[in-house]
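Presented as structure tokens, the chain that follows is alone, the form predicted on its own.
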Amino acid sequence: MQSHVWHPYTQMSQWNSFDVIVKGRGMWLYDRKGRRLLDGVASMWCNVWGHSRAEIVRSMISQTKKLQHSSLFNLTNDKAEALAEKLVSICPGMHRVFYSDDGSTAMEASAKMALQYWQNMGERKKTKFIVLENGYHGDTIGAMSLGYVPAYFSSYKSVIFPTIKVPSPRKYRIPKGLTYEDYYNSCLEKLEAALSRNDNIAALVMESGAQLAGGVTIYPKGYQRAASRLCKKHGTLFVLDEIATGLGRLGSMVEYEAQESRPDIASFGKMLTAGYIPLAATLASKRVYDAFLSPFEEMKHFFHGHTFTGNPLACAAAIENLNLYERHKIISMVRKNSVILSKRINEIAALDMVGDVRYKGMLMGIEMVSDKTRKTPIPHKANVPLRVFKEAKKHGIYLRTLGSIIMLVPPLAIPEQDLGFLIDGTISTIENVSKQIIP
């Protein structure tokens, strides 16, 4: 059968066929030949409970019998209202919820909200964003501008709006001659310098707790809190992206709370519906929301929206998912599994081509290099992503890389036995891929 599907972030010339997944059960994906793969990337970092969780499936079936979709333009629906109330209750400092479809659209909403806030306040020169190097916020034009990863987005540079970039506090590769403490301090100093010398800053935009797609950088303790305080000191908005890092991925329900920081705007997605149906949410503080209230003729309302904003089917899935979080104490489960991951770090780090292992909660980035001493990157011609994918399949697991960084991002509720299977298979994969690249 000829396929007409164009796959994301995939060099199609190198793929003659794809495994056709027809079923998901628990932590496993099944293809049409009955073969199964452990879902080591939580179906793109979004799955919480595994596949076919009965309670969430029932909630969606029940909702389809009542209301499949109804516009949020001048109407509302009970599920959108209930979910918004729930989100505000668990997110300190937040007041209103604006719905969208996915992470990219949530970050587009965040950016427009921040810009229009200052316009509505009469501060018309505040039109620029400060962002972190190696940050990533999605693939739409605004999201690419906020999280410009050159390896991904250089072809689109002509349409990307300029931002002020400051270094992120990565630990593995730092400038020569600096200790990590020196580099960390310089990151904060450059952030404050950017805030103090520019009076046109609308917001600092950054991922909350860690950078994922830009290379798996875990922020050191205190960094995000310091960034939050600098924004307050210099009178700019603090906008956080919790799409991939919130709702338990890093070990906390709301990562910005664990980081002792307080955003003006924060976006959530991915795990919001347990990975069962698209939905994202951008939450705003009362200060931000109130700036949009005025007589109609002043035209200060938020000029943004999507067809499926607040879709009741997606909201129903999210409500049941968050109820399951409470009933089954998912955060405690994540922290327990995180300890299991941590106990295998030395074993992984000792492998020949592993240069660094970075982890927090249920996130691990394993950076492969061609020379551990020099931290030499593996050349693109080695095609690590394809090699890792094919080798991992032999060990019954589904893995995907960021270049030469293998990411372990399993469903949050993965059982200990399956987590062990995933780690064992990953170690075997790295060993065999290493032999292929450096025989």
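In this text, residue numbers run from 1 along the sequence as written. Because the structure is a prediction, the values reported are computed rather than measured.
There is another form of this protein, the form predicted together with a small molecule, and it is not shown here; the text below is about that form.
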query	finding
Stretch from 316-324, 229-237, 177-185, 243-251 whose residues place a heavy atom within 4.5 Å of the small molecule in the model of the complex	243-251
G138 within 4.5 Å of the small molecule in the model of the complex, heavy atoms	yes
Contact test in the model of the complex: E207 vs the small molecule, heavy atoms, 4.5 Å	yes
Heavy atom of G147 within 4.5 Å of the small molecule in the model of the complex	no
Close approach of S104 to the small molecule in the model of the complex, 4.5 Å, heavy atom	yes
